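Next up: a single chain in structure tokens, the form predicted alone.
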Amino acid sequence: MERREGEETVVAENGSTQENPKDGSICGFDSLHRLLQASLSPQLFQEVSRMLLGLNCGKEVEPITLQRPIKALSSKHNFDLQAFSFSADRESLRGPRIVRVGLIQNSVALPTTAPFLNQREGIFQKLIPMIDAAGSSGVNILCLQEAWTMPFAFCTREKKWCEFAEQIDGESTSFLQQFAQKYNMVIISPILERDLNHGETLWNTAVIIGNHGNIIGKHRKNHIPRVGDFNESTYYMEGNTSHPVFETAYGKIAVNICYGRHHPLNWLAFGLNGAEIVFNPSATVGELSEPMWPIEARNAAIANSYFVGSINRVGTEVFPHPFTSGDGKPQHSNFGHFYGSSHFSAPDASCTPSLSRCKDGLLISDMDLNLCRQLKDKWGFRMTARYEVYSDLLARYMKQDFEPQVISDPLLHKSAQVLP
């Protein structure tokens, strides 16, 4: 097989050799989990899986068998469908608090050169089978990916993409409210918001739609990246909603939008406000963040004793006009491959396998929210934390005359010193 520059021969899932896949797969496999499962003996795979995914109450996270019509939707519309269950220890004074939660990752439906109205409608139509699959499976809370109604154009610095911005009660909210009512389901809808009350300011916002179709509230992205292509401050700035936790019919939830996952204090604040599930709708590419992706949310779940749902869009979005990023790289017309890999993390350090790296997908998880309190009791992080010490340090750090608490070896800067 002829080998072109910059490519390497790999073995595909069917055993044949192929050039380095351009679809975002890993050697022809949808995910690392599936690659390992196909490559290792069952005994080795079980041990590797235990080390990578952890154990939930002493055992592997259990798969859920979904009904045949749901699987048929997945096959017909070609989206990855996986479902797992997190359990908790049985308690004497409380019954289980089991909630079924769903995450959707998707690629855009049409090229970015298509009329904007068609692009948005194409995404709406693409998501209908996945939302129906979630609702028909009994999902109580469903979260979509960051800026799900549009291509992730915020780093092109072209202002025409602002046309996708809408009010909190705009087109996408109306579209989703019908599903919230139909399936008695809370839906988290991250959009590009246009704030008409404040001079049409734009925000990166998550709208929380209640299970009766009502709007519970909103949260605006706390941290805005300025990293390579991802310099989103051309469109919106840091949010002004702090760290709200939304009490829904199914539990207390929060939304840590995309770049906020890199800030441990951001995760902490949602936990201090009582979150039981924190969703992290994102748009991030492999070259930039993939080694961090399975670590940060899982660590946040452990440190804050809550569940985390991590959602990343999937596919490569090519834009009509090449752009540069001020990083010395030549102009280019895409950010790279959005690697999907959406997953759930639990407070006991267990997590689910990830959705596909290269396909649309729906991930469903049953989670017993009692596990949150059980892990708080076990580790005692809230009791043993030194918030007063951290608070004092942060207060001093914010002052202009701040000096780091560094104690230097008195012999460190002496050029010659004879030690006894």
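Residue indices: 1-based, along the sequence shown. Because the structure is a prediction, the values reported are computed rather than measured.
Omitted from view is the form predicted together with a further copy of the same chain, to which the following refers.
At the 4.5 Å threshold, heavy atoms of Glu247 reach a further copy of the same chain in the predicted complex. Of the heavy atoms in Leu265, some are within 4.5 Å of a further copy of the same chain in the predicted complex. In the predicted complex, a further copy of the same chain lies farther than 4.5 Å from every heavy atom of Glu163. In the predicted complex, Gln400 stays away from a further copy of the same chain, with no heavy atom inside 4.5 Å.
Screening Pro294, Gly135, Pro111, Gly170 for any heavy atom within 4.5 Å of a further copy of the same chain in the predicted complex leaves a single hit, Pro294. The partner is absent here, but in the predicted complex a heavy atom of Asn273, alone among Asn78, Asn273, Asn118, Thr324, sits within 4.5 Å of a further copy of the same chain. Of the stretches 95 to 103, 308 to 316, 188 to 196, 119 to 127, only 95 to 103 has residues with a heavy atom within 4.5 Å of a further copy of the same chain in the predicted complex. Scanning 118 to 150 for heavy atoms within 4.5 Å of a further copy of the same chain in the predicted complex gives no residues at all.
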